[in-house]
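Okay, here we've got a single chain as structure tokens, the form predicted alone, with questions on binding and movement later.
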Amino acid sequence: MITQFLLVKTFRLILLIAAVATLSFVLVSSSPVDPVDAYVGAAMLRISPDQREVIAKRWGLDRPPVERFGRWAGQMATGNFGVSTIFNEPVLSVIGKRFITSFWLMALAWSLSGALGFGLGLIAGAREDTLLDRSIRLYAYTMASTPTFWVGMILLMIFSVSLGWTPVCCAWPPGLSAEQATLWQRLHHLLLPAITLSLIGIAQITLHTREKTIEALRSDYSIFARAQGESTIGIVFRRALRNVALPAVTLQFASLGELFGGAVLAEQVFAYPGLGRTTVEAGIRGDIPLLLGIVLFSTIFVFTGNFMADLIYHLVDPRLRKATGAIS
């Protein structure tokens, strides 16, 4: 039943969060970065030991790691993720504000990479071993092995520095707040980071769709349709498209983890004030509550993508519905 499917996924999510929370806390506690020094920054040479002790006590850093973990886990279970030492506001508030900014970046990049990758994969599979197919594969293999930050820097130098077509940084014009910026200004600043993520994300969906298209065109029903005089384009759109689309959609949802990781690098290159850049700031400046909160949030985010991929398979594929009895 679908209820059993949801219960199993919920139980796995609880176990995953518990494991990630424990491991993340151990790694952060073992970090060579002193949270007090990171919090004080350049002024750490001018504070006395008593002041250091006051700061450590304020953030609970004077307690043993096991006690800190117990208190943090207990607060987290009630929905209290603590207070950010960088922004001096609740962690969930910081994550919410920064994720909204990152959401539009990731949503645009996700949509572009999915649509373009699927289209290129269909074309390459339908024209197997032609010059067009080889060109698409060359592009896909090149992008799959290219770091996101390198692509971002190249695009930044070409379109922002040399041509001046796009802004150099930020999510809106400097000197304006998010509320003051117009929709066009926000889209103008969003365009280049989104294209950077899309160019990388296209590769995986293109190669996967190409292989599925080739398999569909070599199947018995495609051979029979070709024997009846149907063209390759007709076979692709009338017969192979539905079989190719489902794996492509599920792969696209399962790629949310890679999308989030790419957003971290892209936001650093373009100084885009999203959740990815906040993650780097939290790590560098030793903001343990914020860093742990982002880790748990990203865990849920990636799990949601994988969950949606599995759910689509169970809802759409009749073979899985029959095997699991999920939906009649």
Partner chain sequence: MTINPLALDRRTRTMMVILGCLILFSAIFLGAWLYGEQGQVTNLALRKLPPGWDQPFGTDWLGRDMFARTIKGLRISLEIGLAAATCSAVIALLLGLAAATMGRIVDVAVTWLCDVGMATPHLVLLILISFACGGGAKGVIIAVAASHWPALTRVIRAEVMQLRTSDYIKLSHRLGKSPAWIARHHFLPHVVPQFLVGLLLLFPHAILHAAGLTFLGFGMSPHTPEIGTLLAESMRYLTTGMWWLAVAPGLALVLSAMTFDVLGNNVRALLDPKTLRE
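Since this is a predicted model, take the numbers as computed values, not measurements. Numbering follows the first chain given and starts at 1.
Beyond the structure shown, there is the form predicted in complex with the partner chain, which is absent from this document and is the topic of what follows.
- The candidate site formed by 28, 157 and 168 is fully in contact with the partner chain in the predicted bound form, as each residue has a non-hydrogen atom within 4.5 angstroms of it.
- The stretch that touches the partner chain in the predicted bound form, counting heavy atoms within 4.5 Å, is 142-150, out of 96-104, 181-189, 142-150, 114-122.
- The partner chain is not shown here, but in the predicted bound form it comes within 4.5 Å of a heavy atom of residue 161.
- The partner chain is not drawn, but in the predicted bound form it has no heavy atom within 4.5 Å of residue 173.
- Although the partner is absent here, residue 273 lies well away from the partner chain in the predicted bound form, with no heavy atom inside 4.5 Å.
- Mapping the unseen interface onto this chain, residue 19 counts among the residues with a heavy atom inside 4.5 Å of the partner chain in the predicted bound form.
- Residues 286, 288, 291, 295, 298, 299, 302 are the members of 285-302 with a non-hydrogen atom no more than 4.5 angstroms from the partner chain in the predicted bound form.
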